[in-house]
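A lone chain, given as structure tokens: the form predicted on its own.
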Amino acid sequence: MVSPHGIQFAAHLISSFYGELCSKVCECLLRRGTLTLAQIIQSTELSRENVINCLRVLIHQNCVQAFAVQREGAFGEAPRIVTQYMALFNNIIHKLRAPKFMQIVSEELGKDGLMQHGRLSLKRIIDRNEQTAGSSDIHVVRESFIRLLNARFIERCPAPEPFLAPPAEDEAPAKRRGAKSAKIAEPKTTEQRALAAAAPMESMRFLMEMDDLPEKNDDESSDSVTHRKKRKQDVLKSDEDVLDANDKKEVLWRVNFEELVRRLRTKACISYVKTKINDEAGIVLSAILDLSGRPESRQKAEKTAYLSINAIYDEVIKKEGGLGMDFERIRVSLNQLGCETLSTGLDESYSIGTHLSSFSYFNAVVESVVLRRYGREAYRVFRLLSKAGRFLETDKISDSTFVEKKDAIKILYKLWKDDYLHMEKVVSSGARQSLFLVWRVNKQTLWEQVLDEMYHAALNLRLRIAHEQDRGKEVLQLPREKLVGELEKKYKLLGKVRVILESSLMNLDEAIMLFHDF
């Protein structure tokens, strides 16, 4: 479920990139969940043609996924197939990270056009290259395309409209024997099933077949494109108008957000470790993550595979600043990172939880919020409970933080009222019963609340940037030779303000990325 400010932020991003109508359709899907075409038209009060055009844009830009389900017909009628649409919140937020994604790709491989165009076939990529570069050497484009595939920066698009078969009547629900069994047996939502059904198989996800490569200047292809353009101008009558039949047959490619976010997340974690521990710990973490490589499946691993100390050392000395590190200094850094150790004879191996560095990042962000809102004493109280990770009674909290009991109680109630803490009443057993309160950090609820506040802050920053740009557009549009005196000062001030706001937004986005993905 997307938080209230998350919905507002996503709708604002869609409005900025694709217009108010697309934003209205997207916000409707985010607020109301999965809907049919008729339900979207009814909820948005837009015309059928406008809704279909908006859905086309949003699907093409990977912001909406369509899927088909079977619904029971009326009395005496056969079941019918209905197409439904759901908004992809994660992909919408990734639009904010487009400059970061393009920087990663440009630094490693050069420019990439899928970020702006959503999804393209290989033929359209070649055509686009011919329009922008003035020439279209198929072999050059093919080599660049293969490099993007090998780096996993692009992937095959999901199926445009997967069909979700109704569950079989004879399927019995899985028995739940314990906590672990309950977690495994928990059924997937319709949306999760649709995404899983649409996703290409891992064996095909990054595979380009020779048949995918089109011939240059093919007259039939040109006629097909012309025919498709004419057909798109016809009156739209059904869901088939949203999901172009010709596009269904083409192999389409899109940006692999998972890989790019993984790289950004890794970079942010290493930077945080260097700041909070030291540079050597950051170098060791970078070496471990490089040795572990990317995951082979979409499932998130709880921890890395065990790596020998010799393999870690060999990777560390390749890093900038790692050449002077010896085994003992590497062991110290591994201990600071909280790595698990496995010793068998002379072998010495280490593994690190993939969430550890981000977990400490979460705590640091939330603690800074508590410090800013509630003061130094509340910060000490919250930090104690956060580190303890369990229930503590009021007296213990007061004694450990050197805060007067009456002040500690006020702080605890204030944090509890704002959903930062979870409180329980405990009655002691014995001859004389007494009631006392115990407290612990309500981490899941707290992180969701902080994430929602981050979306709110990001929305405000985006609106402030747009406001500053609109307020200073007359100065910004002037020729450079006319920027003298007060106008020059105003121009420089506008530039400084924009740099500060945009850098703040990028830093905030790093925090959003880490909070949301873990």
Partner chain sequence: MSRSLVSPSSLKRKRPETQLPGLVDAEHAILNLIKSKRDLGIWTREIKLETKLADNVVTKSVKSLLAKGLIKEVVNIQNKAKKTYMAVEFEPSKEISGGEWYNNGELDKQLIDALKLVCFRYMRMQKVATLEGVHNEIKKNGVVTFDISSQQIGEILNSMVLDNDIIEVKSTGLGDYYSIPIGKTCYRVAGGAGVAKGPRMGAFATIPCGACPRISLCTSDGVISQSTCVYYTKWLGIDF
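For the two forms, the rigid core is made up of the largest set of C-alpha atoms that agree within 1.5 Å on superposition. Since the structure is predicted, the reported quantities are computational estimates derived from the model, not experimental observations. Residue numbers count along the first chain shown, from 1.
This next part talks about the form predicted in complex with the partner chain, which is not shown.
Enquirer: How about L476: is it within 4.5 Å of the partner chain in the model of the complex, going by heavy atoms?
Expert: Flag for L476 set to no.
Enquirer: Quick one: is L13 in contact with the partner chain in the model of the complex, heavy atoms, 4.5 Å cut-off?
Expert: L13: no contact with the partner chain in the model of the complex.
Enquirer: Residue-level contact is defined here as any heavy atom of the residue lying within 4.5 Å of the partner chain in the model of the complex; does S398 satisfy this criterion?
Expert: It does: once the partner chain is placed as it appears in the model of the complex, S398 has a heavy atom within 4.5 Å of it.
Enquirer: So, in the model of the complex, is E250 in contact with the partner chain at a 4.5 angstroms heavy atom limit?
Expert: No - in the model of the complex, heavy atoms of E250 and the partner chain never come within 4.5 Å of each other.
Enquirer: Report the residue, out of M454, V51, C26, I59, that has at least one non-hydrogen atom within 4.5 angstroms of the partner chain in the model of the complex.
Expert: That would be M454.
Enquirer: Which pick from L384, M325, L291, I309 sits with a heavy atom within 4.5 Å of the partner chain in the model of the complex?
Expert: Here the answer is residue option L384.
Enquirer: Taking 4.5 angstroms as the heavy atom distance cut-off, pick the stretch from 314-322, 90-98, 266-274, 151-159 that is near the partner chain in the model of the complex.
Expert: The contacting stretch here is 266-274.
Enquirer: Going by the partner chain in the model of the complex, which residues of 453-490 come within 4.5 Å of it through any heavy atom?
Expert: Those in contact are E453, M454, H456, A457, N460, L461, L463, R464, H467, E468, R471, K490.
Enquirer: Aligned on the rigid core, do the two forms place the Cα of D418 2 Å or more apart, comparing between the shown form and the other one?
Expert: Yes; D418 is a residue whose C-alpha shifts (by 2 Å or more) between the shown form and the other one when the cores are overlaid.
Enquirer: Does the distance between the two CA positions of Q469 reach 2 Å or more between the shown form and the other one, the core being superposed?
Expert: Yes, shifts by 2 Å or more.
Enquirer: Once the core is aligned, please say if the CA of E486 is shifted by at least 2 angstroms between the shown form and the other one.
Expert: E486: C-alpha displaced by 2 Å or more between the shown form and the other one.
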